[in-house]
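The chain below stands alone, shown as structure tokens; this is the form predicted alone.
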């Protein structure tokens, strides 16, 4: 039996897909690169943007046409879309709507006898990592914030944290295998709050290392992992401004292994819109937080997420977002045009901003971002940076990234995939750098 996997959305969905693949492998399924060859098609879906949902609807319709011509296959929908009542009601051609938290039920749903190993929770499944040097490690799932525009708390559920020992065990195994980059994941990663229920069988093991007993929040966990031996980078995604503590800033600042990169979604640059969004901070509080971060971590790169055209956002309120972008000077930003999500608080609000106006506002912010990002990157020209080589381009071209998540292009005739190298930056663009391998320079 063969399966084909479609993955949309965030890094958490990529991580979930790796766990799905592990379960399917244990059931005797093999992955195929061609959807037409598959007996089983799985969609790991995202409901944050309408565009991602539209793509899934289109592919399912195409699969239905194949079925009508005699193609035998099963279709599974998991991820955020699978828990939306409207999707379940209207989408025909899906055999199984699977809550990812019910991954342990997949063998039964497929009519296959499960293996001997019982699945306690879906996060405890040992993933089939797609990448050989970068690994996503979820430490928690769900969200308690209920931002007005966001579907995540309704489809992912309330926050649930993995135990420190489970997370650390996974990380240690990755380091032992030679992984170079560990990225800790959560819908709101810095609200990590483990319940330390110690079983008697675990107590003897854990008493050998008292530090494990002191892991009660995200900064504790991050610091513990940062002090493990090995040659790796450590980073995390993503943070809610209200939960990014002084303690976390201090941990990042004093541990060189932790990448000085923070994604800090602001979502709007106007206090009234932030209040309507239920974001629980003001523009002033956000600015003070960024100032504090940059003072403690001078080399930090900060990215953000922002929504344009939220219901009721006036042109004047949007200009406050433009001003914020100019003041903050972000390294990167993920711009989103508002679209209502069924079941959220904002879906009951009147969508007052036209599509054309959302497009215009998107482009205006993008113009500011391009300018500030270019100015930041130009300061890196002439510097020698450590990079992790991520993929091969055409001919001798390689693509790598810095500790601040900036893409670097360079050429080398060596096989450098998955390795740390030093690159001297020679050229800067808004969202990319170019450089020369220091080894190559030394050999001339």
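Positions refer to the first chain, counted from 1. Just so it is clear, the model here is predicted, and its values are computed rather than measured.
Omitted here: the form predicted together with a small molecule. The next part is about that form.
At a distance of at most 4.5 angstroms from the small molecule in the model of the complex, all three residues 238, 336 and 341 contribute at least one non-hydrogen atom. Screening 184, 150, 289, 369 for any heavy atom within 4.5 Å of the small molecule in the model of the complex leaves a single hit, 150. Distance criterion of 4.5 Å from any heavy atom to the small molecule in the model of the complex singles out 49 from the list 378, 401, 49, 55. The partner is not drawn, yet in the model of the complex one stretch among 142 to 150, 292 to 300, 124 to 132, 247 to 255 has residues with heavy atoms inside 4.5 Å of the small molecule: 142 to 150. In the model of the complex, the small molecule stays beyond 4.5 Å of every heavy atom belonging to residue 94.
In the model of the complex, the small molecule lies farther than 4.5 Å from every heavy atom of residue 162. Using a 4.5 angstroms limit between non-hydrogen atoms, residue 217 is distant from the small molecule in the model of the complex. Heavy atoms of residue 267 reach within 4.5 Å of the small molecule in the model of the complex, making it an interface residue.
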